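What follows is a single chain, given as structure tokens, in the form predicted alone.
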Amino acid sequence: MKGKVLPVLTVVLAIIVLWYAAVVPMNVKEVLTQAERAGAEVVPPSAADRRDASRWALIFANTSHLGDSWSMERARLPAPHQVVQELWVSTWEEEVNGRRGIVQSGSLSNRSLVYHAGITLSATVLGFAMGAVAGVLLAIGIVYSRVMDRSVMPWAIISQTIPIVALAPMIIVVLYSVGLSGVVAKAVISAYLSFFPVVVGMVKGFRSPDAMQLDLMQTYSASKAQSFWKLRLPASVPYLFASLKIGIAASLVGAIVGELPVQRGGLGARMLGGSYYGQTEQIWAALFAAALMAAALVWLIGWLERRTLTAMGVPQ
């Protein structure tokens, strides 16, 4: 356990140190502007000169004014402790002590990350389920049909070259015109991103049995259905879970992108709202919430993988 935790903690610590170091050059111009308004002497004194000056030159010329870089409001790059504080305020404080929180009102506050994360999670799970089922079915068709192999697979590859940011608004508009809105519309975008890794992985998995194993099934006079259930499907299980881990992360990205044009809740809408009002702590808090959600979902699929492989008798 120590051998697994120590490298992770080392990387996390290095990221935090670099993050704190990057805060200074990112915020130095805004910090000096605030210091000048407060009556301090800064170099150069002209705002126009500071705008055109190098950030590093400003740092070395104004070392006494850099302390506010890690605590300023609406910073270009908030410090890690500011993001953690925003996470705490927008989750625990809002729900427990807030007027609209679940403790006071009996329902989740629409200002809390918990509420927005729930909206994103519902679209992610629904879209992932749709994409996974579609991916497995397409993989079966590709493996057993030469026509689908030559026609569907190239189109599946081409579909992933279209930028989802450009495609999402069109999908939302089309689905709204036929009466599909809310979670379903965002789930379709999630399914669009998540089905492709499942298709590719399952095609590889279904084709993983070698010729000798397939010949053996023919020797037993096994039908195609029996060969599928007894040989191809069990052989594809490791590929399935590897694809699902990628697919669930892609599904979360699709749900967040699908929330941008709708702006009716979710982590994507939370990020967009923060960008509108210059609340970078809100943006970063939503990003961290999305990352934690992705990690939890991937861990859950990994847990299911271990349980499934153990039940199949595969040594772990």
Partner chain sequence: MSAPVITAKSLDLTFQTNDGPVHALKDVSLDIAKGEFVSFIGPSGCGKTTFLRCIAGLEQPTGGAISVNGMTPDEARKARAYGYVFQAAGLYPWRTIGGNIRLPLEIMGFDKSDQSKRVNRVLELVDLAGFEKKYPWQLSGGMQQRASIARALAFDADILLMDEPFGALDEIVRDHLNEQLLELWARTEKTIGFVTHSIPEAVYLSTKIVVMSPRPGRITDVIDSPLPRERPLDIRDTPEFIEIAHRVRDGLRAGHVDD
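Positions refer to the first chain, counted from 1. Predicted, not measured: the structure shown is a model, and the values here were computed from it.
Absent from the display: the form predicted together with its partner chain. The rest refers to it.
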| property | result |
| --- | --- |
| is_contact(residue 218, its partner chain) in the predicted bound form, heavy atom dist at most 4.5 Å | yes |
| Contact test in the predicted bound form: residue 107 vs its partner chain, heavy atoms, 4.5 Å | no |
| 4.5 angstroms heavy atom contact with its partner chain in the predicted bound form for residue 230 | yes |
| Heavy atom of residue 213 within 4.5 Å of its partner chain in the predicted bound form | yes |
| Per-stretch contact check against its partner chain in the predicted bound form, the hit in 82-90, 135-143, 218-226, 122-130 (non-hydrogen atom, 4.5 angstroms) | 218-226 |
| Heavy atom within 4.5 Å of its partner chain in the predicted bound form - residue from 235, 77, 72, 156 | 235 |
